[in-house]
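Heads up, the chain below is alone and in the form predicted on its own; it's given as structure tokens.
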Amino acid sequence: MNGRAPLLSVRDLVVRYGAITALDGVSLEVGEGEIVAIIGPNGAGKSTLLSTVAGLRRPDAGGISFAGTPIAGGALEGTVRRGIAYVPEGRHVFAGLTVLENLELGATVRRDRAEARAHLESFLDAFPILRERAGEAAGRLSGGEQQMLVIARGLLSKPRLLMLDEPSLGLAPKIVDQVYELVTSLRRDGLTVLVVEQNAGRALAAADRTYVLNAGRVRLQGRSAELTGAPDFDAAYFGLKD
């Protein structure tokens, strides 16, 4: 963090689904230019955290600020316009639209049309398979191709923060490598990334800092290199800590 104000700040966040508390006082920070990972088992609250930051859920308590501005409870469209791109779990492509039409939807919030078109072309260069299949229905792409498409679509909104929910889920190891190579290259270009992963080893290898979430609470946090092999890591990940 280098003493600078965080780009994203989450403070004491509480989210409930009826009688079930999904997030129970979660706090975290993401500094500009960082890759930060949130890891934990199924049901830990990871996806709920991202969707709440994105504006898809209204928190029951706590605060969220982005670039110093409170955003908790705001709508998804406003979140995107502020500079946050959210790529949810499950590769949500518009199956009946072409690959190119899916990509163009990512740039609809932008007014710099010429630059947006140049960015679209750069992503088609980065992912040659998307250029090759630009006129085909997105629903016909493989899982890995769809993951590339939704990430590129999110990036076309020109975000300051990219949030990825389980980007490696269901993908072959070679495709996972490509996804994480892209994530690290984006950070080199100045993008900030917040990634949710169940694959702890993959996340720890890619992220600068990591939060371990279990049962709606942060159980452990720190620099990823220091958490790797930490004696209390397994206890935190599997929810054996108070």
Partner chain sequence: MGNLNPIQILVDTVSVGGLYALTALGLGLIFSVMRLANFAHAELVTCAAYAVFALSGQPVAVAIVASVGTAMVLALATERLAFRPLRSADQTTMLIASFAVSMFIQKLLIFTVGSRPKPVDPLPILAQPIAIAGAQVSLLKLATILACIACLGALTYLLRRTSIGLHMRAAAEDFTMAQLVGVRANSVILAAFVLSGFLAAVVALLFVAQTGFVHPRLGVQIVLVGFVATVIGGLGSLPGAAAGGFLVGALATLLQALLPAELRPFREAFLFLIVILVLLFRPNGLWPAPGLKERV
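Nothing here was measured: the structure is a model prediction, and the numbers come from that model. Numbering follows the first chain given and starts at 1.
Keep in mind that the form predicted in complex with its partner chain is missing from the display, and what follows is about it.
Though its partner chain is absent from this view, in the predicted bound form it lies within 4.5 Å of a heavy atom of just one residue from 93, 152, 162, 141, which is 93. The listed set 112, 125, 77, 132 contains one residue whose heavy atoms approach its partner chain in the predicted bound form to within 4.5 Å, identified as 77.
Shown here without its partner, the chain carries 81, 86 and 101, all of which come within 4.5 Å of its partner chain in the predicted bound form through at least one heavy atom. A residue is said to contact a partner when one of its heavy atoms sits within 4.5 Å of a partner heavy atom; residue 64 fails this definition for its partner chain in the predicted bound form, lying far away. Taking non-hydrogen atoms only, residue 105 approaches its partner chain to within 4.5 angstroms in the predicted bound form.
A residue is said to contact a partner when one of its heavy atoms sits within 4.5 Å of a partner heavy atom; residue 28 fails this definition for its partner chain in the predicted bound form, lying far away. Among heavy atoms of residue 54, some come within 4.5 Å of its partner chain in the predicted bound form.
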